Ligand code: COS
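Take a look at this one chain, the form predicted alone, written out in structure tokens.
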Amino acid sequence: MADTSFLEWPFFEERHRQLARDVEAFAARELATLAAHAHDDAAIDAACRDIVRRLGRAGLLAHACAPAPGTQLDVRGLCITREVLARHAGLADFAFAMQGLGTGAISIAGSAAQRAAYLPPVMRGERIAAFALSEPQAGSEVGAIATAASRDGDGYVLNGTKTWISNGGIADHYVVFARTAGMPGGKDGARGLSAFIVDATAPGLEIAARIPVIAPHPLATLAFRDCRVPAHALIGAEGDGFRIAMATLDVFRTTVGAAALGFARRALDEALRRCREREVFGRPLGEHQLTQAKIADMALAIDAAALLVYRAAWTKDTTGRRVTREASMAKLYATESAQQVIDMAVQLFGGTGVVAGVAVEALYREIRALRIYEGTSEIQRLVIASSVLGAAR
């Protein structure tokens, strides 16, 4: 059991502590019995659907959405849920996170009709959501998005390609960012972007390819070929897409740090168990000073990351303002330090640490993508530097 003393920090209210207990109980009850899945598309897809249904039945997906107009997402609740789930099963964290990210734009900027149509079934685990922002030539550079949405009669026609789309191929709807005006690239490239809800059954939407990755999650490339959507699929107004995308990332970027924190806590748990059970040169591994130095570094990195993650979440929840700087700091430090913590855990396991199926080996694969998606570590550094330099002027 990981240390939960951080829940006594002043960042949290009693409802957050109760949520942590509820998620922990869910994980012990549901994830321990979750069927193991092979690294093939059908098994991964089935496992994701199963987890979403379980999360919905348990009521935990209610924390992934903000169904009532005027309410905001509880970022501390999102972070606690992701941290606990990640500590138990990377795929469970993925499934929960994508329900939130795939409806984040609707929670933040959707109309009452859009909220009513999409959020309740997502919260019940009956619909799977996805967020479609990245393109082959537009990852971190959102202004380079080239997918076009042209007004046509009483709707829009989308043409273009999206890639690295989590839940691609299994989602029931995608929040798609496309260009309704302007040209991709350049300093004004972000202008003219708009956000649309595209049902998976929309004519002209195709799954172009599945993308195999080192941790078994469903990712795909989507192709839009004269894909027609009704006018009421537009979220907000034309031209609001960049603002909506950034507001969504402003919330969920912090939660990526929380997932990394969960992975790091599990790595420390596994390392401590190894230190008790493994003997080297006639003494338990944990009695060697070099081992103790690693354990100290791991614990320090985890607490520092937790402080940054929950500082950002608390600030967003209590002030409602943009937390771009705080979220970038949390995401950057938590993911980078978790990679180091997990690497040290693998090292303490020795050869056993790289055997497929061992917990620290799975964590090593799970953590790597978190330093890339929702803004690479390099992009986070640029965001932080821009904020610091701007404040100094």
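One-based numbering along the sequence shown. Just so it is clear, the model here is predicted, and its values are computed rather than measured.
Below: the form predicted together with the ligand, not depicted.
- You can rule out all but one of 244-252, 198-206, 82-90, 265-273: in the model of the complex, only 244-252 has residues with a heavy atom within 4.5 Å of the ligand.
- Contact annotation: Tyr373 falls within 4.5 Å of the ligand in the model of the complex, judged by heavy atom distances.
- Although the partner is absent from this view, Tyr310 stays clear of the ligand in the model of the complex, with no non-hydrogen atom inside 4.5 angstroms.
- Using a 4.5 Å cutoff between non-hydrogen atoms, Gly139 counts as a contact of the ligand in the model of the complex.
- Shown alone here, Val122 lies farther than 4.5 Å from the ligand in the model of the complex, counting heavy atoms only.
- Checked against the ligand in the model of the complex, the candidates Leu133, Cys227, Ala305, Leu78 yield a single residue with a heavy atom inside 4.5 Å, and that residue is Leu133.
- Arg191 is the sole member of Arg278, His288, Arg191, Arg210 with a non-hydrogen atom within 4.5 Å of the ligand in the model of the complex.
- For the three residues Thr324, Ile379 and Val383, a heavy atom within 4.5 Å of the ligand turns up in the model of the complex in every case.
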